[in-house]
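Below you will find one chain, with nothing else, as structure tokens; this is the form predicted alone, and questions on how it binds or moves follow later.
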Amino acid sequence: MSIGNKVLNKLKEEIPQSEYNRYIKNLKYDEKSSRGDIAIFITNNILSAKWIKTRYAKKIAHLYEIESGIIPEVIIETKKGGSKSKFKNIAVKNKKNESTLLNPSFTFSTFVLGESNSLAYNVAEAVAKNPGSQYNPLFIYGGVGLGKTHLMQAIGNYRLNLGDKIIYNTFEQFLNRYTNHIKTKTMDRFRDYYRNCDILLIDDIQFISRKEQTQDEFFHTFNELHSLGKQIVITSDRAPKKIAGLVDRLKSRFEWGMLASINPPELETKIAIIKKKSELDGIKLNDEIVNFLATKLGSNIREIEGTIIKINAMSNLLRQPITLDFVKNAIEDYLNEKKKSITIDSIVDIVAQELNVKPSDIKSKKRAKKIVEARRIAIYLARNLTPNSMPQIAVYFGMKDHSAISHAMKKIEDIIESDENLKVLIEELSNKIETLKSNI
């Protein structure tokens, strides 16, 4: 399959089905006329060409770069009566650094701000406006799918528009490039490439663990850029001191500037994320559906986005409106699979930590008020987040039979109805439990 057709297939996965069918479905890649740095696509009318240029030309260039490593000049041509005519001013050429690989949709305006990510967002925005000063390096860390890459690339896109030379690489890309230059004995070219930029963005640095030779090279690259006042931004799934096998001198360098963590989003932020993502994709979800998804889905933002796209695709395919019942059916398999991955042990451990009691006390027959509350919450979460039946849960907690679990469930459900604080606590615990399992 040609690069252009691969790009169109990827684009299909990332945009609303209605827009794909209306505009992109008839877009064809002209493989004969295209060459390495020029990608030519043909559509059937000038209005489609204008729409594609305005809405998706940058996205096409980005996807093309992912496939080929080259940011092409994207040209849209119209075909009339068997002849082609180039639609003027459609060409989109990024003359900046050829290996940015930045996603143009990752900007500060599309990032959903909440309590869980406000520090990282504010520091990233400050770095974008004044790079190479007080927050250098910026080290953003947190769990999978919480927005680290989005913030990092938002910095890159902001500075790219101001004419800076940006290099964005995952650590795997950095390692592959390093290995290739070692093999070809062209390390001078490798060093020139990484040390001649205004901003270096390295994603998932945790994979540098125990790679001593690569750590040494990255150390010298870091020092060179930092001494020149060039901004360095790094992301990881954990803080520097928790990266096993990371040499002390790199730990020290990573902690020179600013460490900013991103935590799992609280319920309000998840609701805002779902609303924002569905709005950007032109998908209409009422508040009841948004709230349902926010409580049932985990904290991985990429999973949330994927679920919204899946719901919309199923709605278009089956020609059914998106109702609450439709959404419940659409994500039933996902919820069942998620339940299988969560154990009662993990629930008890997290509840115990949050409420400052011992896990053994939760499983005991102690009747202290604090322990009884923790036990009820653990039972409630076990029933809702795991596939275990009430008799199985009763055995785990050493209770007489399933009727004791049923009574505990009824009791806490009644309390939730009148106690907003308990309701919020249980929602936050659910988020933590689901995030923990998705990151293992």
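The structure presented is a predicted model; accordingly, all values stated were derived computationally and were not measured. So that there is no doubt, residue numbering starts at 1 and follows the sequence shown.
Absent from the display: the form predicted in complex with a small molecule. The rest refers to it.
Peer 1: Residue-level question: is residue 305 within 4.5 Å of the small molecule in the predicted complex, judged on heavy atoms?
Peer 2: Yes, residue 305 is a contact residue.
Peer 1: At 4.5 Å between heavy atoms, is residue 117 in contact with the small molecule in the predicted complex?
Peer 2: Heavy-atom contact with the small molecule at 4.5 Å: present for residue 117.
Peer 1: So in the predicted complex, does residue 264 come within 4.5 Å of the small molecule, heavy atom to heavy atom?
Peer 2: Taking the distances in the predicted complex, the answer for residue 264 is no, it never comes within 4.5 Å of the small molecule.
Peer 1: Can you tell me whether residue 148 touches the small molecule? I mean in the predicted complex, with a 4.5 angstroms heavy atom cut-off.
Peer 2: Residue-level check for residue 148: yes, a contact with the small molecule.
Peer 1: Counting any heavy atom within 4.5 Å as contact, can you tell me which stretch out of 223 to 231, 314 to 322, 103 to 111, 127 to 135 lines the small molecule in the predicted complex?
Peer 2: Of the options, only 103 to 111 has residues within 4.5 Å of the partner.
Peer 1: Within 4.5 Å of the small molecule in the predicted complex, do we find a heavy atom from each of 143, 273 and 277?
Peer 2: Heavy-atom distance to the small molecule in the predicted complex: all three under 4.5 Å.
Peer 1: Can you pick the one in 301, 351, 76, 260 that has a heavy atom within 4.5 Å of the small molecule in the predicted complex?
Peer 2: Looking at 301, 351, 76, 260 one by one, just 301 meets the 4.5 Å heavy-atom criterion.
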